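Just the one chain here, laid out as structure tokens, in the form predicted alone.
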């Protein structure tokens, strides 16, 4: 579903990603862990085209989204094609980024109406169902200011799902939440995993990574240092850098 080949990303002279190779199969949940500044969030932003890679190739479901070398395009990919591929990749951020002047329902139905040109009545019906599925059936007409952080993040997940993506990316979706609100968001994500949604999750929630991931990746200084099953990573990490990181966070 996702293929990354030799992904490099630089901001000026700062090399953030240094040759990332990764494949994620359909229905797999991959959790990415590592210290702050290791390139985890930048990696997600490159996958969904919020950042252009410096060098490398990105494929989504067999289609090339980006192929570049030294900031030059190797393939001429139309803007329309890129947008259609981006629509297949849902993303949930640390901050909820909801439209404050729209209700929960309006936030969820906005993108299908504007981007996929779904009729408003159909988009509203589908948005209601998604909000019920994330446990917010009684908050449909509430504005973001009347919702807790956990509720706002669940609206953000429903909003991403409204585009019917093939892939979901989560960038530390619980890091901005009070501790007592983390569980309600993780439960929604566990439900997606159980329904075989393809997911890449950047997270500091080691319990979630241990319980839900098919594979855990440890990143440091722009590189994948180690990747394996949750059991292997958490019980018997091979790399000294992985051991040092886990000894501090577990």
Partner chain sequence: MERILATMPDIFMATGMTLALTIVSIVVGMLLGLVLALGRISKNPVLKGLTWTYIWVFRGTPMLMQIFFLFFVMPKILPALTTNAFNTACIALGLNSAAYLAEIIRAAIQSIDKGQLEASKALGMNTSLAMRRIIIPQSIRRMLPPVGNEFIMLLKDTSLVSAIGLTELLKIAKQMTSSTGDAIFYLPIAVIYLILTTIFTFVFDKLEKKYSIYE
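Numbering follows the first chain given and starts at 1. Not measured: the values here are computed from a predicted model.
The same protein also has a form predicted in complex with its partner chain, omitted here; what follows describes it.
Although the partner is absent here, residue 41 lies well away from its partner chain in the predicted complex, with no heavy atom inside 4.5 Å.
Within 4.5 Å of any heavy atom of its partner chain in the predicted complex lies no heavy atom of residue 78. Contact check for residue 119: every heavy atom lies farther than 4.5 Å from its partner chain in the predicted complex. Its partner chain is not shown here, but in the predicted complex it comes within 4.5 Å of a heavy atom of residue 87. Contact with its partner chain, judged by heavy atoms within 4.5 Å in the predicted complex, is confined among 173-181, 88-96, 67-75, 131-139 to 88-96. Scanning 225, 59, 206, 50 against its partner chain in the predicted complex with a 4.5 Å heavy atom cut-off leaves one residue, 50. Residues of 56-74 are not found to place any heavy atom within 4.5 Å of its partner chain in the predicted complex.
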